[in-house]
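What follows are structure tokens for two forms of the same protein chain, given separately as structure 1 and structure 2.
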Structure 1
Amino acid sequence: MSAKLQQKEINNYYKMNVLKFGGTSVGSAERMKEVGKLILDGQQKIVVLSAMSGTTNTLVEISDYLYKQNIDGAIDVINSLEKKYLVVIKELFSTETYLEKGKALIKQHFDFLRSFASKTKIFTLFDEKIVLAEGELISTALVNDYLCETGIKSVLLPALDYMKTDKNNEPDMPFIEEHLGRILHDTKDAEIYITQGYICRNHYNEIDNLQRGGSDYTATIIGAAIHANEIQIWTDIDGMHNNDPRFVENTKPVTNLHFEEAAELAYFGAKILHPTCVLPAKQANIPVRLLNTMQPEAKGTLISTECRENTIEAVAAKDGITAIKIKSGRMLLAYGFMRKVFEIFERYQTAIDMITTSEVGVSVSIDNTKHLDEILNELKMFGTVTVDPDMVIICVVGDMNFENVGFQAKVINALKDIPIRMVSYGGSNYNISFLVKAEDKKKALNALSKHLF
């Protein structure tokens, strides 16, 4: 039997659920204890945890001070974060032994953070990634110790031992399957596995992360790697709402979404899901359920291959978009024009989100402006280039097969008072997207809710 086949068997053996709890869901000792209640149903499972809410932002703040060599500023923030954790452990643990263990754990992690605060050392991007990993390392150690204190056979799965990205920054699935499979095999008797969301090692084996909000991605990657029954994303809201609750009142949860619909919503700004986390679940065809820790009985949202036909499900908005228009009189005649344009973006590793074309030009939108100047310089060879910064993509998602007539008119009608820079439809059966000015975002989201739901 080949090594690979044996590995597949190991993986298939673990038909568990993967449950991910976000920052708010582990945001206090009380919430951690609630998580303990939610996960104990006698079924073996993998539990992915985020850092306690606010921690990753604070670690970013500490890193900013360290980049600027503001050692006193960094130390102040580190010390006040440590104080918060000392309160948490007092409330979390009930025995002297675990309280002492908790104190030692906090001291160790915060001494480590303080070790970066040195006037003689330059703080690098690599250091920042190491600092950012601390949030998840602490939260998982605390919850694991809490479960052990209450007599549960809980085992920590160290994400840095199995979660890896490849040279394209994509999950290295063969590596993950093999290493996670092996750790699970070696700790078969565990009742609960606790692991860190967000953090990973990159192609060079350095500590890295899956970008902000990446714990969702950790959960779906693990789900795909172990062929889980179901992936559950537990958060602070009862599922994917039909519009962004931060900008629109009276939004409602959507009960069912197709993988494609959820992927569009996540990518185009629905913060409840990390932008690319639907993909591993979709590829492995593992249903994803979005659930509310504060309201566990609520139905939430089920993401699977099922969807409601002929229905507009939800709206999302993606900020920080720049539109670029290239007008070229020669475009119609010049085949290969598009390729040349796209090659420029590829060379500068800049992804294009939206694209619209006409006979005289092409408009694209990007969210990464790191190489904007270089890109513009090269594009100018093809014609007149105009740039519109501070734009937002508004994405309307649902079953939008072109034969279902009428929904485009409905959507356009809802936006009749808002200037629209670009429209994109037909790329998939599941979305229609608009580019509008950032200042019109709230108005557009509200108008769509009013007319569509």
Structure 2
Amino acid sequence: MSAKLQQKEINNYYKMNVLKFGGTSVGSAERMKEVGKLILDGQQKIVVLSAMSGTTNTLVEISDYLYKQNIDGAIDVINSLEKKYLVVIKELFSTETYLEKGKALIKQHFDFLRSFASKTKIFTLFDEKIVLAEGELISTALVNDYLCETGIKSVLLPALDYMKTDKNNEPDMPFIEEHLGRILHDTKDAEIYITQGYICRNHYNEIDNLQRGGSDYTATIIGAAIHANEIQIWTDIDGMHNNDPRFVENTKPVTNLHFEEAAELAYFGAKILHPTCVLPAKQANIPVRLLNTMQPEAKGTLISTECRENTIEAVAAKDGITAIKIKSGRMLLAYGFMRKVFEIFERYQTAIDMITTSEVGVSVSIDNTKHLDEILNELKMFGTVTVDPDMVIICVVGDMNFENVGFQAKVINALKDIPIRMVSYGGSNYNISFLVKAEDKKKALNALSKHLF
């Protein structure tokens, strides 16, 4: 079957939903069983799972011991994690057959982890990525076996057989569509497909991971590859809220968001979704729904191409920001000045969040200070440089078209009692961003909530 015919078949027969469940949602045997109930509605679907909550952090800890060649430390942590999984399988499976199968599965994976604890072997970054993949491989195998034990025709889709990135570390969509299509064609009688989030193979066919957005990213890539009806991201929060509930009381989930609005909120602090995850769904025009496993009846948030006109939707905050101001008399009418400034940040692979300019200077904000000293040293060749650390970006998202008279004033008026270091407006039709001191963050979020909602 050719790749084009495979894709045509996917379009015709596999137009289903893709559901992603995070680590908390599969954090115990009880939660795994609840996920089983949520996905069994008679509709064929692909279910993307993260590692059990806490597992990836523990695998990072194991890797750290292995890097340091502390074999005893690594073995202790591996054995401790194995015991937790043995408790899980006792609670998950009800028949002797699947209990023994579960024990064999756990032994296989943890013997594999112990194989890295060799005193003669140098632990590498390549090894670490293989170790980190174990969390998703175990969780998906357990849930798949549980579904099979209950009589569901569930099939495990090995992500390492179809999820691949290209030489630029971006999803290799032609490869993904072809190989995923072949697996779906060969197993088209399945009721449920279970697959791993986060993990993939890179351009060199090595085991790797998607990093940005992890399992959410996997779900939207799969959704785009099969032209899904809908992509559902299930977490322990009932959608994207209109403000940060950790600092503001009585926040509410936003019912509908445009792709751009969701990306802005995600980038500027809304932890429920990574901004990168939105892109595959946006490009394929597939709606993304954010839902709560603890409250499955809640509406959640629907992200699509629809935008509610004349509406301010939400506020988010991004911590750990450093502002840099470059003041130079030579900037006035100086051709190439901005290019030279930006080349410095590019050289040190440091992204800029906000930027404002004037006749005699430019201010930018960054969240990565790894090469701050080197950047400042080079910037001083072009002018006087000042730095403001411990800043926060406050982002107000909604229909911010400049023709919506009064919206900008309403937002700025809400912050009238708070010192504002920078304002960014006009780069997007969906947000206004403010840079304030970290100590003013809570006050700013509450003021905006009071005035806007």
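Counting starts at 1 with the first residue of structure 1 and goes up one by one along its sequence. Throughout, rigid core stands for the largest set of C-alpha atoms superposing within 1.5 Å between the two forms. Here the structure is a predicted model, which is why all the values come from computation and not from measurement.
Structure 2, rather than structure 1, originates from the form predicted alone. In the core-superposed comparison between structures 1 and 2, Arg347 has its Cα shifted by at least 2 Å. With a cut-off of 2 Å and the rigid core superposed, Thr301 has a Cα displacement that falls short of the cut-off between structures 1 and 2.
Here Met381 counts as shifted, since its C-alpha moves by at least 2 Å between structures 1 and 2 after the core is aligned. Core superposition gives Lys443 a CA displacement of 5.3 Å between structures 1 and 2. Overlaying the rigid core between structures 1 and 2 leaves the Cα of Ala316 displaced by 2.9 angstrom.
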